[in-house]
Ligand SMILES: Cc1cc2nc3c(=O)[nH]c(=O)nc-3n(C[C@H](O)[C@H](O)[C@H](O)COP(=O)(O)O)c2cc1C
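Okay, here we've got a single chain as structure tokens, the form predicted alone, with questions on binding and movement later.
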């Protein structure tokens, strides 16, 4: 396939350019600063995101840890906000911009019940006028570009995603990311890339395709079907922080990416664990367990190692297990 062009976004005073067409999705409980550090190792120019931020909480001063360190990171970092109250979204967006956000993204696609039932995330798919009002007000309140992430609607029978997306474009969205499922589907079934294609054909602003992209083959096929300007990688990157860089390299340079071997995966787990423990103390081990469980796969002793790691009672014990495994792999 042809090489993708950089994506240009003109904000309300500050323009941005996305040089990498592969974007790392915000992932709750995953895409913290340490995880982003590893993604950045393989994808230095990719747009990454903080974990999704509750706008009202950020307005009140809670959840600031998710955005306060943005200016210290290399490469573009976006902040994705969710809420249904325009004033809260405005205040949170202003705070995120002042913290160093590369752009602001509004989540209108999260299917999680506790978010949707309060009017945020995918609930806005049922409120197109409110969704447009939020985009219009927030885009005018900040200088950096405003983007939106949506789904194909609340459910298949009552949704017109093209009309919804056109309304967001008219309200001031600079880019729209489309997950190819409805809210009712959650993450079940298959992403409808053809529906994303129809949205892309109807809009003047860039469109990013999301859903069921697990590797470079998926990304290339998705881009061929949708003609999108780029792709967003979500859950497939859990345990594989190299995936965004891998897909970008294989799409853009059409060269085979050398995937991490067993030794590199174990080394990555060890580094991740030590960084989490340094930042969070013993609680860092609890956070690290899921990452180690995801990453320690695809090599002969992986299952045994995972079994031991999830039972490690202290960071010291887990570190010793990983260090011993590296000795065996040398």
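Positions refer to the first chain, counted from 1. Model, not experiment: these values are computed from the prediction.
Note that the form predicted together with the ligand isn't included here; everything after this is about it.
- This chain appears without its partner; in the model of the complex, the one residue of 153, 234, 172, 239 with a heavy atom within 4.5 Å of the ligand is 234.
- Although the ligand is omitted here, in the model of the complex all of 28, 179 and 212 have a heavy atom within 4.5 Å of it.
- The closest heavy atom approach of residue 46 to the ligand in the model of the complex falls outside 4.5 Å.
- The closest non-hydrogen atom of residue 107 lies within 4.5 Å of the ligand in the model of the complex.
- Residue contact with the ligand in the model of the complex: residue 187 places a heavy atom within 4.5 Å of it.
- Using a 4.5 angstroms limit between non-hydrogen atoms, residue 80 touches the ligand in the model of the complex.
- The stretch in contact with the ligand in the model of the complex, judged by heavy atoms within 4.5 Å, is 203-211, chosen from 133-141, 203-211, 91-99, 156-164.
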